[in-house]
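This document opens with one chain alone, in structure tokens, the form predicted on its own.
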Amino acid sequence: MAVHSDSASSGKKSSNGPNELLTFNAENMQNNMKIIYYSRTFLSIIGGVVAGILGFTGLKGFVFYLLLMGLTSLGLVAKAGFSTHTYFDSWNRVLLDGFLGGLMSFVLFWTFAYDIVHIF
């Protein structure tokens, strides 16, 4: 993951006083958000296939998705060293971005895998 850039990147050391503002590199932030989006989409697809193969139906499948996204968020925060403000502008981005897009992919592959394994 890419780290934000400090305002003292020109080689000068500055004190981390209360009035100093952290600056974020927009490209690094965009790259980090892409990583979150791709990770959630990939794990949603894999989770949907697993839920379909295991035969989850109804609420069990959605609970499985919530657990999967919780583990994904925990993994992303652990990858960031539990310091989300170093890599992202808000911790909400780590927890919630890509949640609904991942849900659509999950349901698509969940029903597809369930149909192939249990119906056909």
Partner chain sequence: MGLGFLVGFLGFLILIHAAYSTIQYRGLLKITEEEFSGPPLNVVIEVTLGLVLCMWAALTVPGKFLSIHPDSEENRIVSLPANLDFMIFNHRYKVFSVELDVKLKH
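Residue numbers count along the first chain shown, from 1. The structure displayed is predicted, hence computed values, not measured ones.
Keep in mind the form predicted in complex with its partner chain is missing from the figure; the text below concerns it.
When its partner chain is considered in the model of the complex, residue 92 lies well away from it, no heavy atom lying within 4.5 Å.
A residue is said to contact a partner when one of its heavy atoms sits within 4.5 Å of a partner heavy atom; residue 65 fails this definition for its partner chain in the model of the complex, lying far away. Although the partner is absent from this view, residue 99 stays clear of its partner chain in the model of the complex, with no non-hydrogen atom inside 4.5 angstroms. Looking at 82 to 101, the residues that come within 4.5 Å of its partner chain in the model of the complex, counting any heavy atom, are 85, 86, 87, 88, 89.
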